[in-house]
Structures are given as structure tokens and as C-alpha cells.
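So this first bit is one chain, no partners, the form predicted on its own, shown in C-alpha cells.
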């Protein structure tokens, strides 16, 4: 009997959060280990579908860089990176689209549907969703380098997403934008998620990553902070206290917060059901960034 009482207690603890987030939009950036390990992948899909069934409006933005690199190597093309950004020529862009839009996106849609959801896959081309400009990358020595078809978000047209949400669907978005010339651009998925959360006026932006959250010392897992303000994290950026893939995540946080998103969460996607733990429990996990 006690196990059933414990289950009931969990539901009661979740009730205020379910009530608070009913009808609200939550943007989830899905990537890292949670995309690779089968058990974690299934747990994330279950979390997202449950969010939809209790009245929330999840919108998923996914990455897929390792899959793109794997396909490039299979086709005899060696990936090249500058400061963590992929050099993307015409052929690499075609491979990225093939993998992100044609394979990864459709696999996520199928997995969500298998859990009882109604998901629809999109890229920046669909309905003019993501407008892009070419990214001019500044190197650490102060110079600039042309990375090819790597893009920045120039604008988001949320019309198609709003229509899908209104019809009860879960939008799943590949981070491919389209320029004024009609050419596709590869955009960092964290960046897309931040811009999308801002454009949708989301209640939350949740970024799944492969660390416990934001660390005061990037090399010390014990230095994770549970809560930090936008001003504090911006200061850490200026001081160079953040490294690697955490930088675009934090920049996405700041963009979303500046546009009015109340809270952003960076959580450990290696923890099963990390999304539910963050959204529906008193303690939560990871790092919450607030205005």
C-alpha cells in the first residue's frame, strides 16, 4: 500500500506545477547523450508527451552534430571546426540537411508519436520559419574567418508553430535556416532554441546538456550552481569563466531572458526523466537562470 501512497504524493507535489504551466509554451532543446542512449531517448520522449497531455505546449529544437560528422566521414569528407563551429561548404551543408532534416528530425517525430504524441517535423524552410544570415566568425586573435554556410538567426516567423500548437501537435524543429537568397544555413541548435523561446513568449526554455548544469569552475563538477541571474552569467561570460559548448547555451539563455522568458534551465540530459524532475518537482535539477 505504501508504494501507492508514495505515487499519490508525487502527483500531489506535481499538481501546482501542472496548474501553473497549463496552456503555457515550453521550448526544449534536445541534444547530447539524451539523443544517443536508447533508454534516455525514450525517457525524454515520454516526458515531452506527458507535458503535452497535462496541458503544456512543448516545442522541441534538436541538435545532431555528431550524426552529421559521422555521415561526413562515411562519405569520405573530414569535418573541420573553428572554435567549435563546423566549417560548412556546399557539400557539407547538403549532408547536414540530409541528416538533420531527413533523418534525425523524422526519427524524433516517430519516437514522440510512438509514445502517443502527435508530432510534426519542421525546418527553417517550412513557412519561412527561420530566416538566416551568414555568420561572420571572429577568431580569438581578433580576426575574422568565413565558415561558409553557418548562419545566425535573423528572424523567426512563429505562424506555422502557433497553428500546429493550436491543433494539438508537438512541433519538432531542425536548426536549419534559410537566407534571403533561398540558401540553407546551419545554425547552432542552442541559438535557435533561445531565439524561438523569445519569439514565442515561452514560459520556459530548457536546454538538455551533458553536464550537471552551469559550473563556477568548468573543470569541477562540484561547483555547479543551482540558481544564477542573467547579470551574473553575463559577467562570467565577459570574464571567460565559461568554456566550449556552454557558451552558446548561456548566450541562448540571455537572449530568451532579455525577450521576456521568465526562466531558463540548463539540465543534465544524462539523468532519466530530467525534464519532469526539473518542471514538476520542488527541488528540480541543473541550473536555473533568471532575470
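Numbering follows the first chain given and starts at 1. Being a predicted model, the structure only gives us computed values, none of them experimental.
Form predicted in complex with another copy of the chain: not shown, discussed below.
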| query | finding |
| --- | --- |
| 127, 79, 218, 179 - the one with a heavy atom within 4.5 Å of another copy of the chain in the predicted complex | 127 |
| Single option in 156, 189, 211, 109 placed near another copy of the chain in the predicted complex, where near means a heavy atom within 4.5 Å | 109 |
| In the predicted complex, segment of 166-174, 199-207, 144-152, 131-139 with a heavy atom within 4.5 Å of another copy of the chain | 166-174 |
| Candidate spot 10, 19 and 46, all three touching another copy of the chain in the predicted complex (heavy atom, 4.5 Å) | yes |
| Heavy atom of residue 84 within 4.5 Å of another copy of the chain in the predicted complex | no |
| Touches another copy of the chain in the predicted complex: residue 54 (any heavy atom, 4.5 Å) | yes |
| Contact test in the predicted complex: residue 290 vs another copy of the chain, heavy atoms, 4.5 Å | no |
| Partner proximity in the predicted complex: residue 50 to another copy of the chain, non-hydrogen atom cutoff 4.5 Å | yes |
| Partner contacts in the predicted complex for 103-138 (non-hydrogen atom within 4.5 angstroms of another copy of the chain) | 103, 106, 109, 110, 113, 115, 116, 118, 119, 120, 121, 122, 123, 125, 126, 127, 128 |
